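Below, in structure tokens: the form predicted alone, a single chain.
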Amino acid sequence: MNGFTLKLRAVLAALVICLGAATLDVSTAVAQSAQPAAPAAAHEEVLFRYLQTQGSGNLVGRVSIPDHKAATLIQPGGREFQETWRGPMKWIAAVAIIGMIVLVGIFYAVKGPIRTTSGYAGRLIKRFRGIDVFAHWLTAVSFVVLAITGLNITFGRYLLLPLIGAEAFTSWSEAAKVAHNFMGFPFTLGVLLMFVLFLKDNIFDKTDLRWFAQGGGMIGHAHPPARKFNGGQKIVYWATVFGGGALAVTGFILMFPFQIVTSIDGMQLALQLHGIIAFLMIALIIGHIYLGSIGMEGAFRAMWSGKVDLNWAKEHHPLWVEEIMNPTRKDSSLPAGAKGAGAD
């Protein structure tokens, strides 16, 4: 075998070896590409479980800017917050609000409006001063706007968007967000005014025990005696003061993020409290609006003109009527113009 043949065989052997190696690499690559890639969600779940076993539970990096909150890369609590808000929170709202509407409807269908059994006397007495009426309507109007715009944030995407379309819903939601933020200021002022103006007449006393025992007149046929405000109205007052105050505080925390509360967890807690209290307040005010309008004859006039019919007052607030009709009573807590005869 000459030298040329040997060199030829060596070259052919090298080509075979290179071809085999290339074929092996290609086969391996094809086999690997054929295997399904691990989904990103699986890796995310592993990372979340790992973070939950650590101290802070957050994956934090390093930043060179003053805002160190930007260093938080992953916060597992945020996902739990979103799941709670999209799930149980909406059920709380639906049960509270729809449940109250259904309850009011059933009550009206069964009992109808509460009427003045002795008829109208045609003689009006002053129940509220002008400042009282102003404080009530300032709080009421601002609360209604806040309730509608707030419910849009929670339910608008699911209920309103399919009805009016994306473009109209976007325009409405932008306006609603601005209205929601700015109406928080008159609402807060209204709550403060109501707290100061109506405090002295909303302290619970023993007459309220009898009112509650008779279910506010639902048990039996006679109206239980009450002073200027009965037990139910006092509950609404204190719920407005404490609930409205809590809504104002949490609302301003959300309006000025990381200024009053500086942590992400604190902001999420403020949002949850704001939502829960708002849903419960909306349900309570639905019942209040019902009783102050079609649910009780003569009640709306009290907060519209500040005056009520004498017979209406005697049936619902007889102890208060006795106070203002007693000419010898010297009590600075009586509304202006209500001392003496107390009639117009």
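Because the structure is predicted, anything quoted here is derived from the model rather than measured. Note that residue numbering begins at 1 and tracks the sequence as displayed.
What comes next is about the form predicted together with a small molecule, which does not appear here.
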| property | result |
| --- | --- |
| His288 within 4.5 Å of the small molecule in the predicted bound form, heavy atoms | yes |
| The small molecule contact in the predicted bound form: Val236, any heavy atom under 4.5 Å | yes |
| 4.5 Å heavy atom contact, Gly275 and the small molecule in the predicted bound form | no |
| Contact label in the predicted bound form: Met194 to the small molecule, heavy atom within 4.5 Å | yes |
| Candidate stretches 169-177, 227-235, 84-92, 101-109 - the one whose heavy atoms come within 4.5 Å of the small molecule in the predicted bound form | 227-235 |
| Listed residue that, although the small molecule is not shown, lies within 4.5 Å of it in the predicted bound form (heavy atoms), from Trp137, Phe242, Phe182, Phe252 | Trp137 |
